[in-house]
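One chain comes next, on its own, written out as structure tokens in the form predicted on its own.
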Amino acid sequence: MPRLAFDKASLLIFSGDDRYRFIDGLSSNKIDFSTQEIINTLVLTTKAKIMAQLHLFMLNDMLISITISENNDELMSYLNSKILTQNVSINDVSKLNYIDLVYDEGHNFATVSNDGEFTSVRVSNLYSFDIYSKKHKRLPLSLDYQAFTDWRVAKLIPWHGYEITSKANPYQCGLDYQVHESKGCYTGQEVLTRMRSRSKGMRELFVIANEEVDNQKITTKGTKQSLAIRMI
């Protein structure tokens, strides 16, 4: 399967007795580790803009997040400011590990597997992240990023730096499924609730042929088709 370096992501380990409550207070999605599935969620600002996307999973009693943010230092400062009196510590082990993106897999479920050296985190039935120590030689990577772009366009997958930016909220870039509508309080919840109840400011991600759309409205340009966002 095609493999790309995903060096923009950071690998965070949350520890301490209050780690689940801490994450739940920041997460736009429901936190439930009763299954082996990955929890895809967001950390938002008070205006519901996207600060970071977290792919959360459990491994050997460790709560781990593959985290994507435009400014990791700013995110870490924000997370640490929210700990207060809670028994939580956050360890960034990104510099010790490779994170590879493996796509076009066709799995039917999301889960975590580990053989002692390599951890595979299947985010969806479309792609996964492979995590392994930098003590190992990096696995061969694909250099055809356009192929990944065309695949992502065909699968209608929003991506960081394209649809997903700090200027957008989840309802403006195709991440609606990472907002649990009946979840308890979290930062940015009030803004998103108002948007839903009033049907105001909601947008949708869609695929369109390149010749049928103005380039200014394209968020991801593919070879023949592109992704764009429109009001609904």
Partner chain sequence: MDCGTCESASPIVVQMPEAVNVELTITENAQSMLEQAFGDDRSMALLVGVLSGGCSGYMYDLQIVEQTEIDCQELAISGFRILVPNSSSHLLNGIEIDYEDRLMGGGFKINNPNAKSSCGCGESFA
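Keep in mind it's a predicted model, so treat the numbers as computed, not measured. Residue numbers count along the first chain shown, from 1.
Missing here is the form predicted together with its partner chain; even so, the following discussion is about that form.
Chemist: Whether Pro170, Asn215 and Thr223 jointly form a contact site for its partner chain in the model of the complex is the question; each needs a heavy atom within 4.5 Å.
Modeler: The answer is no: none of the three residues contacts the partner (heavy atom, 4.5 Å cut-off).
Chemist: To verify the annotation, which of these, Ile83, Ala154, Ala147, Leu126, has a non-hydrogen atom within 4.5 Å of its partner chain in the model of the complex?
Modeler: By the 4.5 Å criterion, the partner-contacting residue is Ile83.
Chemist: With the cut-off set at 4.5 Å between non-hydrogen atoms, does Gln189 touch its partner chain in the model of the complex?
Modeler: Although its partner chain is absent here, Gln189 would touch it in the model of the complex, with heavy atoms inside 4.5 Å.
Chemist: Determine whether any heavy atom of Ile13 comes within 4.5 Å of a heavy atom of its partner chain in the model of the complex, and answer yes or no.
Modeler: Judged by the heavy-atom cut-off of 4.5 Å, Ile13 is in contact with its partner chain in the model of the complex.
Chemist: At 4.5 Å between heavy atoms, is Ile131 in contact with its partner chain in the model of the complex?
Modeler: Ile131: yes, in contact with its partner chain in the model of the complex.
Chemist: Report yes if any heavy atom of Ile90 sits within 4.5 Å of a heavy atom of its partner chain in the model of the complex; otherwise report no.
Modeler: Ile90 belongs to the contact set for its partner chain.
Chemist: Along 11 to 31, which positions have a non-hydrogen atom within 4.5 Å of its partner chain in the model of the complex?
Modeler: In sequence order, Leu11, Leu12, Ile13, Arg21, Phe22, Gly25, Leu26 come within 4.5 Å of the partner.
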